[in-house]
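Quick setup: one chain, the form predicted alone, written in structure tokens, and binding and motion questions come after.
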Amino acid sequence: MYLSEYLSKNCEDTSLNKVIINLSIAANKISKVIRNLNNDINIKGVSKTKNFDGDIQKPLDILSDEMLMELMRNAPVSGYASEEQEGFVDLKNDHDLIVIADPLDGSSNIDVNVSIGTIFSIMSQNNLPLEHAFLQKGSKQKAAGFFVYGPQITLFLTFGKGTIAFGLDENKSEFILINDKIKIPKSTSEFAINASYSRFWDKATSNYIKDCQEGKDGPKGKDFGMRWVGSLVADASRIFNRGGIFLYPSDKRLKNKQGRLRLTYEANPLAMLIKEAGGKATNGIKDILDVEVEDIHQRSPLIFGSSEEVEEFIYYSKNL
């Protein structure tokens, strides 16, 4: 079943359907540019520009943002915000939906051919001024998802009725359903964390990872494997397929004291997808979807995955 057919049968909100379809069209275009070795975009070149948050922008970051915004202009969307821009774009119409996106998550991995993606969140404006609408909590999301540009082009999607996965049928340039009932295993023996930053971790993170590494002889009583791609969408894809726990905690570095990942562009949409697949997502203390949004570029710790292991990490955070 193709994405358009699935949405027409399972989502009564025609405006939401149109936005998701346009996002899939943009993703198809982005994936073709990424995979075209003869394009004019200097994928491997060093960009001298930075986004509002100080991260280096590659040409593909900017192009992906432009492609998404163009498709959102032709959808029932009143406002668009992305991590590549300082604020939001008022599309100056009377539509109700707003879209928040990370146009090309993991773009630093392009040079080494690691899977990257596009993350998105869709909310109702809820009769709020646009500047306030973009600061709604993650629990207000109507839909969320991410595209993965890898060996297969995939879409993980939720509109509050479970998490589903689609794969791109490249012959027809349409996404076809591959799993309509994604369920993350409750328990796991895999963790994903950038261990090179261990000297900066707080006590709770250090103790949790130490206990995982002690395996059967330690307090957790089982052996763990470590998996870390360094691309959020790639690590998330693995967890949706076989479980695990992903950890990007806050740490002692000045830039990371409030966490590293962006709450609105990355953590909130991932958290909605994870919740709808039976997993959990937290900042270490609080459910990500309940965290107040004070700034559209707000950073947050993010720990998500198999529910039992995330609960275990929360216990470490609250008691150590």
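Numbers follow the displayed sequence, beginning with 1. The structure presented is a predicted model; accordingly, all values stated were derived computationally and were not measured.
Heads up, the form predicted together with a small molecule isn't pictured, but that's what we're talking about next.
Problem - Selected contact from F120, F156, F175, F246, since only one has a non-hydrogen atom within 4.5 angstroms of the small molecule in the predicted bound form - result: That would be F246.
Practice task
Counting non-hydrogen atoms within 4.5 angstroms of the small molecule in the predicted bound form, say which of L261, I62, L289, V293 makes the cut.
Solution key: None of the other options qualify; the answer is L261.
Practice task
Flag V148 as yes or no: does it have a non-hydrogen atom within 4.5 angstroms of any non-hydrogen atom of the small molecule in the predicted bound form?
Solution key: No.
Handout entry: the small molecule contact in the predicted bound form: S107, any heavy atom under 4.5 Å
Key = So S107 counts as contacting the small molecule.
Problem - Interface membership of G160, the small molecule in the predicted bound form, 4.5 Å heavy atom rule - result: Heavy-atom contact with the small molecule at 4.5 Å: absent for G160.
Exercise for the section: Verify the contact flag for S231: yes if a non-hydrogen atom of it lies within 4.5 Å of a non-hydrogen atom of the small molecule in the predicted bound form, no if not. Expected result: Yes, S231 sits close enough to the small molecule in the predicted bound form that at least one of its heavy atoms falls within 4.5 Å.
Problem - Segment that reaches the small molecule in the predicted bound form - one of 222-230, 177-185, 69-77, 127-135, heavy atoms within 4.5 Å - result: Answer to the contact question: 222-230.
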